[in-house]
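A lone chain, given as structure tokens: the form predicted alone.
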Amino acid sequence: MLPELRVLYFEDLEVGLSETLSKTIASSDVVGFAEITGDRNPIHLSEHFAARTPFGTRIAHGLYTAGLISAVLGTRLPGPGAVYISQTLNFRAPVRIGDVVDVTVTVAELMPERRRARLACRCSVGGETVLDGEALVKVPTKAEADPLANRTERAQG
């Protein structure tokens, strides 16, 4: 199921505001990611190959897990209209097929002069951090998102 869209404008954000999404990693997710990206590393696709690695089983692509951060940014915090500027990623542990990944994004800093938000990002499985990092996003103001409404408000005021 896709997360429900929630639109937050720069004015709605405050340091400490947080959003979490949970996703169970299915084999079909990993196969689909491999098909879309062309990354067919057998550690992701072949149980026989993966059994001989230190992980002992297939693991999800690291960037698939990172993509779940994008899902939070684009749908919930800050949501539609936010523009990615940068992302740092630290891969801490593997994500296996069947794992439930909890993705938490938290507002760490607000930069009003350029309408930027620095967001702490953490992906965990069973409480263990598997990926962390920071995202920098540009967040629209209410006036930027709906300039016509802004003009109407000024005309009435």
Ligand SMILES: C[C@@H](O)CC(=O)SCCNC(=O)CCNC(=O)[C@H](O)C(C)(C)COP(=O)(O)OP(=O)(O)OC[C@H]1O[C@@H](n2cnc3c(N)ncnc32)[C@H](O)[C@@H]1OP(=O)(O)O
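Keep in mind it's a predicted model, so treat the numbers as computed, not measured. Just count from 1 along the sequence shown to find any residue number.
One more form of this protein exists, namely the form predicted together with this ligand; it is left out here, but the text below deals with it.
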I need to confirm a contact call. Of V30, L110, V101, A93, which residue comes within 4.5 Å of this ligand in the model of the complex, counting heavy atoms only?
A93
Of the listed stretches (22 to 30, 84 to 92, 45 to 53, 110 to 118), which one has a non-hydrogen atom within 4.5 Å of this ligand in the model of the complex?
84 to 92
Consider T57 of the chain shown here, and say whether it contacts this ligand in the model of the complex, taking contact as heavy atoms within 4.5 Å.
no
Applying a 4.5 Å heavy atom distance criterion, does G62 contact this ligand in the model of the complex?
yes
Since only the chain is shown here, I'm wondering whether D39 would be in contact with this ligand in the model of the complex (any heavy atom pair within 4.5 Å).
yes
For the stretch 20 to 37, which residues lie within 4.5 Å of this ligand in the model of the complex by non-hydrogen atom distance?
none
